[in-house]
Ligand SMILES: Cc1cc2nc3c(=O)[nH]c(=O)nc-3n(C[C@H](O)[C@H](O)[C@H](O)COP(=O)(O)O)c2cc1C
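Take a look at this single chain in structure tokens; it is the form predicted alone.
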């Protein structure tokens, strides 16, 4: 069997037999990989664990779930970053990793409010990380304090319904103004600029599509960056159930290619290989269906801003979820490795963000529902306590 006769679609796509037009039906995600999404917090007597059972449902780059928590001190949660779960090639300064810790902290705060608790969050209590990677110092220290003045946030109800959707969107269905207003309002607690574009500005929409296409092409054709994704690729139910993280691929044809040794995750495909061109074609088709893009821009880019950008993004996604709107981050053009400098410059220019930082850029619209991403479960994140 010649592996060039197959189109491999990494990160949740499909595998097509070349020239056949046949699409294999993907298997269902193993139930144990989704257990954390089913009634989180059930049976937890320690309120910290109850709160954390919602926090671990936060979105994370490549679904790495790099959150570690120490519960050894009563009434306190200390959050660390797992140094083995980073993306040094595509996220060389760990900006996305810090944003992913921000999404975690925001869901923790929402869950605490639901229990009448104020989450007193101290960021980097032992000093801020350097400009490259997190170290052994904590990201945050949190105290949960009973407070009758704490108000519940309606976004909490959307936590278990929030899922990143990488499918094609309905190009004819516009996002209503009420949804855009809700997303903009969700950012209000944080000093970031929210913006969006839709079919009403066709030229701007086309310009953003072109940038996304080029950035995705660069990431797929740069060997070290595509191999980084391959490292976190989980193929088939057994791998998904074992790891419960990373990028899930359950298509039966991929599973058989893997079993037959025809999908070598240790080697990057050539730029003209069907493994690459098939992914590009699939991604471009999905972009063509995208009716809108949204973004978050910050005036600076220090670690605290990165954390706050993650908190703002997950609030936007929760607000969108309440209106039935789905989204998919397009981080390729926002990354800081040398090969993607062109799209990085272009998206900052298009979004009027020269001298600032585009922290998040995402496609948005309406689509068929998808299952949530696998989760490792709360105990996998507990260091002590």
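Here the structure is a predicted model, which is why all the values come from computation and not from measurement. Residue numbers count along the first chain shown, from 1.
The same protein also exists as the form predicted together with the ligand; that form is not shown, yet it is the one meant from here on.
Considering the ligand in the predicted complex, the lone stretch of 52 to 60, 28 to 36, 341 to 349, 318 to 326 in range is 52 to 60 [heavy atom distance within 4.5 Å]. In the predicted complex, none of the heavy atoms of residue 358 sits within 4.5 Å of a heavy atom of the ligand.
Mapping the unseen interface onto this chain, residue 331 counts among the residues with a heavy atom inside 4.5 Å of the ligand in the predicted complex. In the predicted complex, at least one heavy atom of residue 373 sits within 4.5 Å of a heavy atom of the ligand. Not displayed here, the ligand is approached by residue 99 to within 4.5 Å at the level of heavy atoms in the predicted complex. Just one of 217, 265, 209, 166 comes within 4.5 Å of the ligand in the predicted complex, counting any heavy atom, and that one is 166. Residue 162 is the only one of 162, 85, 253, 244 with a heavy atom lying within 4.5 Å of the ligand in the predicted complex.
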